[in-house]
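Encoded as structure tokens, the following chain is the form predicted on its own, with no partner shown.
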Amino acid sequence: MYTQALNSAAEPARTASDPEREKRFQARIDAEERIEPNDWMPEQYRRTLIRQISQHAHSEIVGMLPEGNWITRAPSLKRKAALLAKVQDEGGHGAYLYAAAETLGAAREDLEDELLSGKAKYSSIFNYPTLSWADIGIIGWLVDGAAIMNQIPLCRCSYGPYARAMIRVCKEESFHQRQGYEIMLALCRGTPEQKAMAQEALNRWWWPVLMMFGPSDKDSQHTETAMRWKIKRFTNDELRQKFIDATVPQGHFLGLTFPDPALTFNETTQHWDFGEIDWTEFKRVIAGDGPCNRQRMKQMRAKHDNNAWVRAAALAYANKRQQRAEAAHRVAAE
């Protein structure tokens, strides 16, 4: 399935099951040492990282679609320029992450094929439509805010290339979050119609954003292993609670109301209690039956097909440069 980045003969020895090596590997993890591409690692660790990093990369790329839908309709030149820069950033994040996955022996072409075939997953949040300009503010404020809550701990991920990629990603995402909140602030301080638009967008996006953190801890299949290997530092429910605690006061400052009658501040725990998430909807969207799943995949496949000539040209140019370098090397050797 995955194209090996290292010598295929040496790869099995590097990842094959070995109890003693696994024990030493876990000791390195426990000691907060970084694992690098040429280090020995358990095969499950490698596959867990490929799954997580590739899903992260796919989410960045697919996430360009709902915002790109508003580039031509942004309400001002300033807003258009900012949105263009943001969408470009997301494409760059996807490139960083695909490169990180390649250090684990996963070819980008294989990962893209898995996405286009429907085998690979991406964040459920990008299967919801952007119906108004306020949705662009919501994506920056809430979606990117949730992403930051997830990604800052990844800067301390045990796998070096992933952790280093996340440092730049998090810096850029922080600007995206501020941009989105500024849009919401402008709407909430604008006309009554603009504030109503902001409230309507919050009503639609709040629960899907909470689903971004993944299933509850009791239903999560990967959390325990990822926590043991320090790929993750917090559980899904811990991150979700941190996000709610940080976000609710921001929404109240905007003068908005959250669509959750059970949302109350708990004086004992000093956290915001919230209602039950509709996990049936979450599972349905993840399974491919969300509002925009089919549309997103249709757009991604069209993009892949339309850009085939770019990939062919880049490959031809790379081959030409390699041939020239080899010819120059032969001449120098003579």
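A quick note: this is a predicted structure, and the numbers were derived from the prediction, not measured. The first residue of the sequence shown is number 1, and the count goes up from there.
There is another form of this protein, the form predicted in complex with benzoyl coenzyme A, and it is not shown here; the text below is about that form.
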Counting only heavy atoms and a 4.5 Å cut-off, does benzoyl coenzyme A in the model of the complex sit next to every one of P37, A106 and A165?
-> no
Option touching benzoyl coenzyme A, based on a heavy atom within 4.5 Å in the model of the complex, out of Q177, S124, T247, S132 = S124
In the model of the complex, the residue from A147, A198, A100, I136 with a non-hydrogen atom within 4.5 Å of benzoyl coenzyme A is A147
Within 4.5 Å of benzoyl coenzyme A in the model of the complex, heavy atom basis, the matching stretch of 254 to 262, 75 to 83, 188 to 196, 228 to 236 is 228 to 236
Contact of I152 with benzoyl coenzyme A in the model of the complex (heavy atom, 4.5 Å) | no
Q221, heavy atom within 4.5 angstroms of benzoyl coenzyme A in the model of the complex | yes
Distance check, I277 to benzoyl coenzyme A in the model of the complex, heavy atom within 4.5 Å = no
Evaluate Y159 for contact with benzoyl coenzyme A in the model of the complex, applying a 4.5 angstroms cut-off between non-hydrogen atoms, and reply yes or no.
-> no
Heavy atom contacts to benzoyl coenzyme A in the model of the complex at 4.5 Å, residues of 178 to 196 in sequence order = none
